[in-house]
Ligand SMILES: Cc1cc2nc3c(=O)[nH]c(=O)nc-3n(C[C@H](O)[C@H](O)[C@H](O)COP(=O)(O)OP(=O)(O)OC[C@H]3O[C@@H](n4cnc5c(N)ncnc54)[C@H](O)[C@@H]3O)c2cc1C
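For reference, the chain that follows is the form predicted on its own, supplied as structure tokens.
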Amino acid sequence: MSRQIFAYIEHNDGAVEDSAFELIKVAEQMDPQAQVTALLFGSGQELEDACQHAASIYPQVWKVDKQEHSYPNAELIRPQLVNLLPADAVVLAPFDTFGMDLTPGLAIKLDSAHVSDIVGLDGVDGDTLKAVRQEYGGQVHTHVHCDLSGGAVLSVRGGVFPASEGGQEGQVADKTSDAGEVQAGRRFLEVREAEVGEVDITKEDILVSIGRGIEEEDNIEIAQELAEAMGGVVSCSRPVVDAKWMEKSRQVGTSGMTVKPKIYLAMGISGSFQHMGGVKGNPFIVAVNKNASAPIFQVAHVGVVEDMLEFAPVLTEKIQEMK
């Protein structure tokens, strides 16, 4: 019998996030015959639009429409998922700040197995899922076995699995009444947008992003020259902001800005999930790092094992010659 797999779908402004296109491919890798259902929580027309978008990817969509879900709150959503899901359900969710809040407690309430931050699958043998995680900042790959017979809650790192092209004509089912009453000890107050600096990196098509490998503030000029040659701007990872070498508005990551460039050149960046969680839209990623084991190489389309301080000036010169 086909396994029941559910995917928790994040959405914003009536459109599903990029993770929605990846989670269904994860489900198909686990079981090509599985019944995959998208789970969407929200309210009003924005939820309706997101459900229609999800239905172009998933054969079946369940929606829960409550005013309390106008902003995602794991404490509200978790008990409602328990009311909706069958006992042996396999639940997929993105491994991001919200997923880290939602999934561990959900696994406990469902009395299911839990595996977080999955970066690969080695297949399913009967009821045993063979998954790959990363440890020690991506320096070590861990192969774990997960028993799916009693259900499981799995969070998946974004950008490491292929994305579906969609093309479905799925059905949307209203599960609001089945979800039960909303009860929680915390409530949403307001959204405070991060300040936008002199450059809005969220609107740039080309980003040259620098990390610890820049070594010192004076070397940022090297990245700026490369960015100007490419027609882009410089962004950075958190250590550069913590050192006060660049303003917060230039930081990419879960604690910084979310960007959707066409080209993302990561220079001297290890590629932790906190950083890559801020890179959306499946850009063409080029990674330059002298550490051949850096996790950034797991998601990069092109990888260069080299000191960025030596590589960047050469690349800048070649681009200028081409122009």
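Since the model is a prediction, treat every value here as computed from it, not as a measurement. So that there is no doubt, residue numbering starts at 1 and follows the sequence shown. The term rigid core refers to the most C-alpha atoms you can superpose between the two forms while keeping them within 1.5 Å.
One more form of this protein exists, namely the form predicted in complex with the ligand; it is left out here, but the text below deals with it.
The three marked residues, 256, 274 and 289, each reach the ligand in the predicted bound form, with a heavy atom inside 4.5 Å.
The single contact residue among 80, 155, 251, 112, judged by any heavy atom lying within 4.5 Å of the ligand in the predicted bound form, is 251. The partner is absent here, but in the predicted bound form a heavy atom of 100, alone among 84, 100, 163, 132, sits within 4.5 Å of the ligand. For the ligand in the predicted bound form, the listed stretch (199-207, 179-187, 232-240, 119-127) containing residues with heavy atoms inside 4.5 Å is 232-240. Within this chain, residue 211 lines the site of the ligand in the predicted bound form, having a heavy atom no more than 4.5 Å away.
At the 4.5 Å threshold, heavy atoms of residue 15 stay clear of the ligand in the predicted bound form, well away from it. Although the partner is absent here, residue 261 sits far enough away that none of its heavy atoms falls within 4.5 Å of the ligand in the predicted bound form. Among residues of the shown chain, residue 42 is not one whose heavy atoms approach the ligand to within 4.5 Å in the predicted bound form. Core-superposed comparison between this form and the one not shown: CA of residue 16 displaced by less than 2 Å.
Once both forms are fitted on their rigid core, the CA atom of residue 50 lies less than 2 Å apart between this form and the one not shown. Annotation: Cα of residue 239 displaced by at least 2 Å between this form and the one not shown, core superposition.
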